[in-house]
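Next comes just one chain, in structure tokens: the form predicted alone.
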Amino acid sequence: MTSPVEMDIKKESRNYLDHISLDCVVFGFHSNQLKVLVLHMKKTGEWVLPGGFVYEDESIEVAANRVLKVRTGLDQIFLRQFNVFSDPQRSNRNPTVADLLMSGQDHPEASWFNQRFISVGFYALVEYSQVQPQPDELSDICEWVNLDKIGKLMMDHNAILNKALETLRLQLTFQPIGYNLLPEKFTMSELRKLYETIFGKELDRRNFQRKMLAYDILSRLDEVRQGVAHKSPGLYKFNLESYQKALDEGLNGKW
């Protein structure tokens, strides 16, 4: 059975904008590990980031949300555009989309896929447990991989991933993060571990807690984490009104 994604690619490429594509870095957090959603291509065995093309009658933001809904099953994803990738040789480093799709067939639209594409990069933050990874007809696996286990990706996707991580780390210096990556209720140590994983370094426990509470984006709950061997830690949740204000205006203080 042909998937909606393959139908889009094979039958409707004439309705896409020429020379424009998008690539998405989807971050999740699970078991104290930052994870990235990747796909394994059937024809070449290579790993790629989720991506797609832009219809003539939609914005690139709408296209990115459409692509990620297919891959994750989620609506209303936290999504940010972070860079444009325009190396003239970026599509020539590996087998092209046409090679993967047509598999040597004389397809009338192969030349369209073989043209140069400038890609707009987006990164998404999602709650790991809510994602239902979906491969398509071009891939046989769509799964989470630990950030430190990511190997060689197709084309310039490693550079795209690295730039997304760099941008995410920069966001941490002036905007809050965590609402889209953590469950609704979490401990301060779980939040700290998320920041440590993204920054790639340890943070002082007391200083971290002091800073986070000073930002006034957390609400302390009258609940504790059950089922732990030591003293049960208190639980927090984000104050969404304050969190959104901090996203719009920036945090009151820097790391």
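Since the structure is predicted, the reported quantities are computational estimates derived from the model, not experimental observations. Throughout, we count residues from 1 along the sequence that is shown.
There is another form of this protein, the form predicted in complex with another copy of the chain, and it is not shown here; the text below is about that form.
Asker: For a quick test of understanding: in the model of the complex, does each of His19, Lys201 and Gly250 have a heavy atom within 4.5 Å of another copy of the chain?
Answerer: Affirmative, all three are within 4.5 Å.
Asker: Answer yes if any heavy atom of Tyr128 is within 4.5 Å of a heavy atom of another copy of the chain in the model of the complex; otherwise answer no.
Answerer: Judged by the heavy-atom cut-off of 4.5 Å, Tyr128 is well away from another copy of the chain in the model of the complex.
Asker: Any of the heavy atoms of Gln132 lying within 4.5 Å of another copy of the chain in the model of the complex?
Answerer: No, Gln132 is distant from the partner.
Asker: Should Lys185 be counted as a contact of another copy of the chain in the model of the complex, where contact means heavy atoms within 4.5 Å?
Answerer: Because no heavy atom of Lys185 falls inside 4.5 Å of another copy of the chain in the model of the complex, the answer is no.
Asker: Though only this chain appears here, would Pro88 touch another copy of the chain in the model of the complex if you measure heavy atom gaps against 4.5 Å?
Answerer: Answer yes; at least one heavy atom of Pro88 falls within 4.5 Å of another copy of the chain in the model of the complex.
Asker: Determine which one of 218-226, 41-49, 25-33, 55-63 lies within 4.5 Å of another copy of the chain in the model of the complex, judging by heavy atom distances; exactly one does.
Answerer: Stretch with heavy atoms near the partner: 55-63.
Asker: Go through Cys142, Val120, Leu161, Ala124 and name the one with a heavy atom inside 4.5 Å of another copy of the chain in the model of the complex.
Answerer: After the contact test, the surviving option is Val120.
Asker: Can you pick the one in Leu79, Leu74, Ile150, Leu172 that has a heavy atom within 4.5 Å of another copy of the chain in the model of the complex?
Answerer: Looking at the other structure, the residue within range turns out to be Leu172.
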